[in-house]
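A single chain, nothing else alongside it, follows as C-alpha cells in the form predicted on its own.
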C-alpha cells in the first residue's frame, strides 16, 4: 500500500483491496448526449425554465417556458412529456398537482479540488472518514487531486447549494488524516463543486443516514401522459434513459402507429463514433500528437475530451496556428476550444465555457480570472456580444468565482465537527 499510495498513513494500516472503476467528465457526458440528440433532430433549448403546464381533455398539451438569457417566452406543444429534472423533480410535479407529496430526499455532496503540488495520488483511495465513518474518496484529477464527498440532507433550491466552511473543514480533516505529511490547509483548495442528489424518499427507512439511502430510480407514467423519472445515478443513466424512452413510446403508441425499439444500448455518443476500443483511442491520440508537433498532453486532452470531434479543432489550428497555443501555461486547453464551444457546442456564456467546457474554473489556480478578458473577447466575436453584454458576462463570471470561494469568509468550525 505504501508503494501504491505514497504518503498514506501507516498507523493502523492493515492492508487494502485494489479494484478498478470509471472516471468521467460529467459535464462533457451530458453535452455529448445533448449534441447527439440535436444530430438526431431534437430541438435543444438550454436556459429555459418551465413556468406553466397547460391541459386539454385531461392531458398535458403544452408548456410555457421562459428563456433565462433573453427573457423571451415560448410555448412548446407535445403529446407526451418526460420530467427528468433531477433535484427539481418535486417542483415540476407540484406544477402538475398542487397536492403533490414529495418523492425525493435530496442530499448535498461536496468535493474539493486540491493543488496537485501539495497532494498528488497516482490512484484513487476509498476510505472512511475518521470522525463519522462515511465513505469518501481521494482521487487523481488531472494535475490536481479531488477529495469528497459529503452526504448531508439538503432543503431549499438545488441551484443554491454551495460548499460551506464546515464541508471544507470536514474533507480537509479526512485528507490530512490519511495523508498526514501533506498538512493541507484552506490555501490548498483551488475550487469546490457541489451537487444535490435526487434520492428517492420512498427508498429511505426512518432514521436512515443520507449515505444509506438507495441510489435506485423510479419511472412512472401519469394518467395525463407525463412520464416521470426520479432518482438514479450517473453510472446507470443509459439504462434509465432506455426505460424512460420505452415508457414514453408506450404513451405515444397508444395514440398512433407503433415506433421502433430504443437504440441506446448500441448507439455511440458523437465523439466515440468509430472508436470501438482503447486501441482505437490510442491510435487516434497518436495521430493527434503527430499533428500537434509531438505535444502529447494536448493530444491526450483533445482525444479524451472530443474523441473524433478533435479533428475539427485541429483543422482550425492548421488554418490559424495561434489557436493551438495554450490558454494557461501548464494546462492542456488551447484557444481553438473557446470559439469551438460557442460555434459548435452550444455555449452561450462565459461560465458555459470556463466551467463546463475547458474547466479552468476547477483546474487553473485562479479559476481562469487572469485570462478572462481574452476569453470574453473570443466569445464576443462568436456570439456578437455588444460592450454591455460583454461586461455583464465578465461580472457574472467573477461573481461565480466569488460565490465558489465564499466558504472562506465563514469562521472555521470546531475541530472534529462534520458536515
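None of these values were measured; they are calculated from a predicted model. Positions refer to the first chain, counted from 1.
The same protein also has a form predicted in complex with a small molecule, omitted here; what follows describes it.
request  = Could you confirm whether residue 198 comes within 4.5 Å of the small molecule in the predicted complex, counting heavy atoms only?
outcome  = Yes - in the predicted complex, heavy atoms of residue 198 and the small molecule come within 4.5 Å of each other.
query = Does residue 48 make contact with the small molecule in the predicted complex, using a 4.5 Å heavy atom cut-off?
reply = Residue 48 belongs to the contact set for the small molecule.
inquiry  = Quick check on residue 271: any heavy atom within 4.5 Å of the small molecule in the predicted complex?
reply    = Residue 271: no, not in contact with the small molecule in the predicted complex.
query = Might residue 149 be said to contact the small molecule in the predicted complex, defining contact as any heavy atom within 4.5 Å?
reply = Taking the distances in the predicted complex, the answer for residue 149 is yes, it comes within 4.5 Å of the small molecule.
query = Okay, which stretch from 344-352, 190-198, 286-294, 96-104 lines the small molecule in the predicted complex, with non-hydrogen atoms inside 4.5 Å?
reply = Of the options given, it is 190-198.
task = Go through 109, 225, 307, 324 and name the one with a heavy atom inside 4.5 Å of the small molecule in the predicted complex.
result = Among 109, 225, 307, 324, a heavy atom within 4.5 Å of the small molecule in the predicted complex occurs only for 109.
message = Can you pick out, from 298, 125, 173, 84, the residue that has a heavy atom within 4.5 Å of the small molecule in the predicted complex?
response = That would be 84.
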